[in-house]
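For reference, the chain that follows is the form predicted alone, supplied as structure tokens.
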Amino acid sequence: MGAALRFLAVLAVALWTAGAAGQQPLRVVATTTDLKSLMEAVGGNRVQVVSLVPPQLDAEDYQPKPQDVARLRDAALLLRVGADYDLWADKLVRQSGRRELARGGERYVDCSFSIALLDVRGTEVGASGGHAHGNGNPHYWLDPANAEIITGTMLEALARVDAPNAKFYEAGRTQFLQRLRDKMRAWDQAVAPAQGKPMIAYHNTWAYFARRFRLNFAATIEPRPGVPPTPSHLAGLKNIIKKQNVMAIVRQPNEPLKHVQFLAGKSGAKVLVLAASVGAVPEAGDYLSLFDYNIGVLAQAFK
């Protein structure tokens, strides 16, 4: 079986790198850098992918720019996170006049399709603001095992709009998934020292990541997604840190420092910067290196 899998991987590489002389790449628009990276892994040199949200910005709070509408006007596909994560893209599609990029359209791709979402419950966002997570926690790409489902959805879309090159895209996905499986074994070993150790996160970003790698996020600094903490909530977090011996507080590079520093100063917990998206830190240049970086930070902190 091992030799057969290696043969298939070599065959996939050969097919994927063969290319097609003189063919113009498909123009694909993704709402996030994570979907961009995964589409590039499948499509190789036959796709040209742009991300609407720059890597250092929060895609949940993104304010679209006029040039984003122009990007949609010649897009062969629109890739969306779905799960109420990038709702702002609906208005962009309407402004573009491209009905085929709208929900249910031939060139619309909801990458949450067939993903088993976590935290599925009705969540209302009142006057205090926040993110609408009513359809479930939308950060599903942070479980690398979900990349198999996401890339499968992308492959189906590519084969639909570019059927003559379906085998090429299939080979690209096969090659990527083999690399991913090799990485998964290494990540599982490297993250072992952090497993089960209580941590606190700023935003409820890490549910899928924690489930995959058996991590323990005891609480979040935000009482609800996108809502800043109150003094009483911070007091409760101080008690959690003390009772559970929380050793680390996790934040993303674009998240506020104020409350993280306050809790760290009161407790002596380490502040760890993890990247939730490709490009959020320089080390996370693509989907696989995103996990290389995050697992490396955790392994170093808890070794």
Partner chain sequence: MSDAIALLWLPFCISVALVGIHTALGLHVLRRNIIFVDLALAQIAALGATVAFMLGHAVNSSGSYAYSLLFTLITAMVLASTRAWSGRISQEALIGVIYVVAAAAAFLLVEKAPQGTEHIKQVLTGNILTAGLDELMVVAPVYAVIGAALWFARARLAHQASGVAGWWWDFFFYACFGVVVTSSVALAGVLLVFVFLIVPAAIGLLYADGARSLVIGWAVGVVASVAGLALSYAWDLPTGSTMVCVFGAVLAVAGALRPLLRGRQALARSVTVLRVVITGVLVLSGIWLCALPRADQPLLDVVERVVPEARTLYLTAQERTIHDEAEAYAERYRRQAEQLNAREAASRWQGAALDDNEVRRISSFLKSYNEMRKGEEFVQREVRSRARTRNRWVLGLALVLCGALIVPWPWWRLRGRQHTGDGQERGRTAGLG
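As the structure is a prediction and not an experimental result, all values here were calculated from the model. Residue numbers count along the first chain shown, from 1.
Just so it is clear, the following notes concern the form predicted in complex with its partner chain, a form of the same protein that is not shown.
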Quiz item: Does the trio Leu72, Arg94 and Ala166 actually contact its partner chain in the predicted bound form, every residue with a heavy atom within 4.5 Å?
Solution: no
Quiz prompt | Proximity of Arg107 to its partner chain in the predicted bound form, heavy atoms at 4.5 Å | solution = no
Quiz item: So in the predicted bound form, does Pro193 come within 4.5 Å of its partner chain, heavy atom to heavy atom?
Solution: no
Self-check item: Touches its partner chain in the predicted bound form: Arg46 (any heavy atom, 4.5 Å)
Solution: no
Quiz item: With a 4.5 Å heavy atom cut-off, would you call Ser232 a contact of its partner chain in the predicted bound form?
Solution: yes
Quiz item: Which of these stretches, 23 to 31, 267 to 275, 38 to 46, 233 to 241, has heavy atoms within 4.5 Å of its partner chain in the predicted bound form?
Solution: 233 to 241
Quiz prompt | The unique member of Glu170, Asp119, Asp84, Asp162 whose heavy atoms fall within 4.5 Å of its partner chain in the predicted bound form | solution = Asp119
Quiz item: Can you tell me which residues in 35 to 64 come within 4.5 angstroms of its partner chain in the predicted bound form, by heavy atoms?
Solution: Gln56, Leu57
